[in-house]
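Shown next are two forms of a single protein chain, provided one at a time as structure tokens under the names structure 1 and structure 2.
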Structure 1
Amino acid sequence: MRGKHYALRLLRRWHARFGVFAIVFFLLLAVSGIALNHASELRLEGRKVHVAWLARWYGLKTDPPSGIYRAGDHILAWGNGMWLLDMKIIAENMPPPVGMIEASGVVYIATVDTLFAYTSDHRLIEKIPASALPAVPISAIGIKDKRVELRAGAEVFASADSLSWKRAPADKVAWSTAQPIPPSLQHNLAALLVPEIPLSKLISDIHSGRVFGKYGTLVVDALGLLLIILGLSGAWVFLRSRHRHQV
């Protein structure tokens, strides 16, 4: 009898310890499951997480910002495929820009084969592809007499509306050049240009265990099995205790 009582006390002790851990795990599953079931109402698809260590955990490239361009009061920074205009992300999965200018209240950003036009409050006006440009690859963008100037190879082209282009002389053009990032901006830019992780993916990976790596799902399965064992052992302890009281 003593052996049975000792085994019962030991089982209760470990049942309580594992029970606390299981409650935390169950709450995590419950909260993440509810969030996924109401993803549209919570607008999870449109929300993203910028955390450097989490990006590294997912194996995402986290290079520091590459440089900045200045045009008037505007600052363009780029890194990890993102463009940051005046500390606001305006584009993702983008190549490095070759320059930025401001002409007649419009902000122009050029890549080697595309010209982008933005309003001063960061709204995209137009994306001008290579087929609508006078020549590619573009090596520089500049401004002269409020006209947009593009350099492609040894030739320079000018436009007052970014639609019709004419060859132009290269003299007296204020070309946009990359500048080093001031130390005062380094930390803020690096934090903002961390690769984004969709919140819905993060919650889904937490729920399934994939966030913990290739063995994460096995861990979740093991914890699920632990919940079953705790349930059965809890029922056994309850029935044994009830039987003892009745005797």
Structure 2
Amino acid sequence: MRGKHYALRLLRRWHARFGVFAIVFFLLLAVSGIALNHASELRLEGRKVHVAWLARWYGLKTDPPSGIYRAGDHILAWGNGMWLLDMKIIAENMPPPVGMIEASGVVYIATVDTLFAYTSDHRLIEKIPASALPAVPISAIGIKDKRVELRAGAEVFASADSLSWKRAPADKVAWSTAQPIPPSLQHNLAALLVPEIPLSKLISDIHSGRVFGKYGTLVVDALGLLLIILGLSGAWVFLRSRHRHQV
């Protein structure tokens, strides 16, 4: 009888100890699980995390920018799918730009099949798709007499408002060309162009333990087993205590 009581006390003690140890992890799993189930309501979708050490932890290497475009006072750099206008991230998941100009206070950035218009304070005016452009692929963007000029193949098209386009002669167009990055900017650009990690992926990886590599999932598996053991031991302690009181 004494032995049984001793076993019960021992189990209760270790149940409590493991419970206290595990609660931090269970809270983490519970909170991350709830967050994933309500990703839409919590507006996790589309959010990205830009943290250098986290990117390194994921094994993502920073692809240093290879050049910049200048237009007026503006500087455009790109790398890791991001565009930096005047050292501010303005777009993600983007292809490399083919050039940038400024016309009548509007900053135009061209890719091979899209033209982006930004205000001088970096607000997107419009993403002009291929369907609204005179021709693609665009190989260069330039400026002449405050008009936007696009080169596609051997042809050049001009527009004063980026709405209507006309064929134009290619002479005297100031084409945007990539320039080498000044050494003073290189470090700052590399720091700003850290690869992004989707927030929902990060939470999902924390939940599954994948964020800690292959051993992380094993730890989460072990925590799952611990939860089972705690559940069973808790039930046993409860039932034994009730049985004792009844006796």
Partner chain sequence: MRDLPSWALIPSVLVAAHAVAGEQVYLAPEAFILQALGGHAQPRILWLTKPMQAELAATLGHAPSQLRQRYWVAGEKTAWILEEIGKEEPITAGFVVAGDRIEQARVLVYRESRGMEIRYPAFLRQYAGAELTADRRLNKEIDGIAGATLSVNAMVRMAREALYLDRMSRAP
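As the structure is a prediction and not an experimental result, all values here were calculated from the model. Heads up, when I say rigid core I mean the largest set of C-alphas that superpose within 1.5 Å between the two forms. Structure 1's sequence is the ruler for residue numbers, which start at 1.
Chemist: These are two forms of one chain. I'd like to know which is the form predicted alone.
Modeler: Only structure 1 matches the form predicted alone.
Chemist: Pick out which of Ser164, Lys61, Lys146, Lys172 lies at the hinge where one rigid part swings against the other between structure 1 and structure 2.
Modeler: Between the two rigid parts, the hinge is at Lys61.
Chemist: Once the larger rigid part is superposed on C-alpha atoms, how many degrees is the smaller one rotated between structure 1 and structure 2?
Modeler: Comparing the two forms, the smaller part rotates by 29 degrees relative to the larger.
Chemist: Can you give me the Cα shift for Leu36 between structure 1 and structure 2? Core-superposed, in angstrom, one decimal please.
Modeler: Leu36 is displaced by 9.7 Å at its C-alpha.
Chemist: Given the rigid core as reference frame, how large is the C-alpha shift of Ile197 between structure 1 and structure 2? Answer in angstrom.
Modeler: Taking the core as reference, the C-alpha of Ile197 is shifted 3.1 Å.
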